[in-house]
Structures are given as structure tokens and as C-alpha cells.
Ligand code: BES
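The chain below stands alone and is given in C-alpha cells; this is the form predicted on its own.
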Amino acid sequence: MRPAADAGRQTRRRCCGRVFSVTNTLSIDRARGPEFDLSTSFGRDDDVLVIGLVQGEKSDDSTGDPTLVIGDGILDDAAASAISDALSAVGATGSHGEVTKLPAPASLPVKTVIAVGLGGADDLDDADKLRQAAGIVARELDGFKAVITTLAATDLSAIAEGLFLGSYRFTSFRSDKTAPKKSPPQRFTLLVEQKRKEAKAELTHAVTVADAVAIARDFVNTPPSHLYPEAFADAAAELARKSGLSVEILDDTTLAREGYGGIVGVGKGSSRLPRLVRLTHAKKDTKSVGLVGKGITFDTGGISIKPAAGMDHMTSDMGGAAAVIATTILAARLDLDVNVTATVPMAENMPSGTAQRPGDVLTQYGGITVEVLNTDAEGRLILADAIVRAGQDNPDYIIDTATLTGAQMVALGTRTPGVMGTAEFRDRIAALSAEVGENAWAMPLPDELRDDLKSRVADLANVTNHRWGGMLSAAIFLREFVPESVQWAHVDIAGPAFNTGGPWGYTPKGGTGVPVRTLIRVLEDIAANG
């Protein structure tokens, strides 16, 4: 996504008795990553060779020499020996993520060789460690246009994903003054022994998945000045239609008329009014999955306002919506044999004279009344409406995901999502998430916490009267809106969706795209196994 200076669409809005114009300046036209190809030999345009290096085995008194990982017959013995000797001469160890740059041997048609440490021999069986190593070396490749690598000899899919995601940059809002002077590579060529159809299919799948992660990152990284509910809905619809999805958008008037009290209540404090987006990938005679994602385009906390420090990070409070939209688009691009419908509520949580107050009671879609004790617990209010709507489709499964609670980070840190819900489905998602390296962790829903959500005046309160088990209580609140016959899981990504520290592995600063890879793996598993 990038802002379009003069291609915006004018709409007219009424607020506080005044009519004013808003320009939708969000356009989706950027290439998110490099091109990828397979080859059995070097090309004339290749700038740099990237190879893997594995640590030597440790003995009682020493560590053996590191070993090149290059695949059979890809480099001749003389070139491999020259590279190995040069790496030993500069002290390269092969420790995970170590990057070493060398002049290339004269026999190779590139000027530079870059080795990335893959860790110990056992780490070659860990797809995510390989993915991380590829991401680390990708960040060292700015300025090179065409990269050729032997890393695919380890795990083609993991390497391709890591290189793509490690090459991700978001510079759409930088002027020439601060834009990076060097760009990531435009092309990666993966050296293989033979160009098999299976390898090509594996590469295509990996790049398609990585591109969907990048779509989610782009949405999260777009500032709330440009990504507000209407613009978010329009941008999601544009991408979805290009991928063959059917699209439905409910505007603020329709939401109010049809009784979406949670979405309307949260959004009524902002001049930028809420939306509900529905995207459908339809397949006949197969399992159906409802995806729901929290789309708070900016969260001040409302009347229960947040502290100023770190509030800028609340631009990421639509990370769940971004992931669900990207996953549904990905399901269509992969033509998965499973029905997928995304139900995505979008609102901006602002304090104003029209905002909901602590103590207000709203009626959720479907009729349950909720006492709003804390307006900063707004995500569960819009999710509840969306979950009820998703349940009306009679899906076999519902998965909702959200940057929902700070308690998630207290419990699990900033990199580990929490997954709660129907026990069997929860555990299935946790296992599949571990396979792709997003590592969602199964958490309980203790019965004793349900009584703490009782309200003095309504069916439910939106928060408990204590700080214990906040992530779990939020999921218990959402469970009240899930049809009894549906397998359900809630994935809390409050920390993992947005990296406030420095880059690591294939994860940049800012939007991460979590949990797109978990969600698509779950959809693929449902398509294959029901």
C-alpha cells in the first residue's frame, strides 16, 4: 500500500452539524517483495552468492571446522574449497545468524560471497531457525539487485519465506530526504540440483504465503491518518475483489439499523465512523470456517483514556483484522478447498462528546446486553458483534484473532500468541502454529472467572473487577457469543502482531503479520482433514 497524492476518492460526511469532505488516499499498488526463481546454474546478472554455514561438532577440547551447506553438484570442489578456506581464515563459526562477507573466488561469476550461520547440525531440522537465518541475511543484502543462493538445499519453503519476509520494507510515507539509499534485492534465485515441478510448486506456495504476511504488515504499518475504518474497508475490498472474493461492506447507518451495538458503541466517539467488512471464499460441499479479526484502526482507550506514553503503538490495534483479511485473500489465491468467510469489524476508539461512557449499557448484535465498565476494553465489544454474525453462517469452525489484552504480554511475552477456546480445536491450532514458527500457546478458560463478568444492571460486564487472568477473562467474555455447536478458538496477538524493538530473524520492526501463517496452516489442515 502507498498513499496516492492525487488519486483519492472524495466522499462527503456530516459531523456536528457540518458537512465536510474526506479524501480516501489509500491505494494498493506496491510490490511487496522480490521475485523468486529456481535454477541449476549461475546467471549472468547475479551479484552475490549466499551460502549456509553449519557449526562444527564439539568434542571434549575443541570445536570442529564449520561446514558449507551447498547441495550436491551445485558448486565445483575448487570453488567450495576456496570459500571454506576463506571463511576459516576470517574466523567464521557458523553460529546461528552470523553473517560473513567475502570476495568471491575468481572461478565464480559473482563478486561477493555471503555466508550465514545456520547453527548446529541439529538446527537443519528446525524450519523456523532456517527461516530466521534467511531473514537475517536478507537484511544484509540491500544494494544487491540479483542474489543467487544455495540455501534451498536445506528447506526450500522455509528459506524462500525467510528471504521474502526479511527483505520486507515499508517506506511509503518517507520522502526522498529519509528514504533508504539502498533497496532490497529485486530477485532471488534458488540453486537446486534439478528443477522439479514439486520444487516449483513449493516455491510458489511459500512466496504466496509470504506475500500475504506482507499485506498484513502493510495494513498494520499504515498510519491511522490514512487507515481509518472507511479507508480500511475500501482497501480490503479492493484487494479481495482482485483475488476473486465476494465482498460486503456494512456502513455506519446499516450497522445502527441492524443492531450492531458493540461496533456502533465503540465507534461513535470518532468522526470517522465504523464499518463491518465481509469477505467470502466460497467452495461447495466442504467444511466452512468463519474468521473474525479486531479492526480498531486507532485506540485511545476512549473515555477510559490510555497513558500518552506508547499510545502511538495503538496504530497496530487492527492487527487481527489485517491478518484475517490477508488470510482470506490467501485462501482464494491458493484456491483452498474450504469455505472461508471473514467478518471484520472496524472502528476508531476516540474520546469525545459523543463517545460511550463507563457505565453505559449497549445491546450487542443478537440481543445480549453489556455494561461498559471500561471503554478501553473495546475490542471484545466489536468482536462480539462479529462473532454472532459469523455464527449465523453456520460454520464448522470460528477463529477470532485480536490485539486484545495487555495481559497476553504479561502472561506470554511479546512473541508468543495465546490461544483459547474449544479444547480440541485450541490444541490443534497451537500444534499447527508451532509447525510454522508462530508458536501460539494453549491457555485455559477457568470456570471461576466467569462469575467476575456479572453485571449489576446488564447480562454481562465487559471487564472483571480485578487484574487477574485478563487475557483469559476476555476470551471467556467472547465465548458467550459463540454458537454452542461450533468449534471455536480465540488467538490473542497483542504483543506478537507489532514489534516495538529491533528486527530479529525475518521479523521487522513494526507490523509482523502474525498470525497469518498460523491461520492459513489451520485452513489447509481443515481442507485436508476436515
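The structure displayed is predicted, hence computed values, not measured ones. Heads up: residue numbers just count along the shown sequence, starting at 1.
The following text describes the form predicted together with the named molecule, which does not appear among the structures shown.
Just one of 445, 146, 192, 314 has a heavy atom within 4.5 Å of the named molecule in the model of the complex. Which one?
Residue within 4.5 Å of the partner: 314.
Contact residue in the model of the complex, from 378, 400, 385, 348 (heavy atom within 4.5 Å of the named molecule)
By the 4.5 Å criterion, the partner-contacting residue is 378.
Which among 155 to 163, 391 to 399, 352 to 360, 291 to 299 is in contact with the named molecule in the model of the complex, heavy atoms within 4.5 angstroms?
In the other structure, the partner sits against 291 to 299.
My question is simply whether residue 406 lines the interface with the named molecule in the model of the complex - judged by any non-hydrogen atom within 4.5 Å.
Result yes; residue 406 sits at the interface with the named molecule in the model of the complex.
In the model of the complex, residue 494 touching the named molecule (heavy atom, 4.5 Å)
Yes, residue 494 lies within 4.5 Å of the named molecule in the model of the complex.
Contact flag, residue 306 vs the named molecule in the model of the complex, heavy atom cut 4.5 Å
Close contact exists here: in the model of the complex, residue 306 approaches the named molecule to within 4.5 Å, heavy atoms only.
So in the model of the complex, does any heavy atom of residue 374 sit within 4.5 Å of the named molecule?
Contact with the named molecule, yes.
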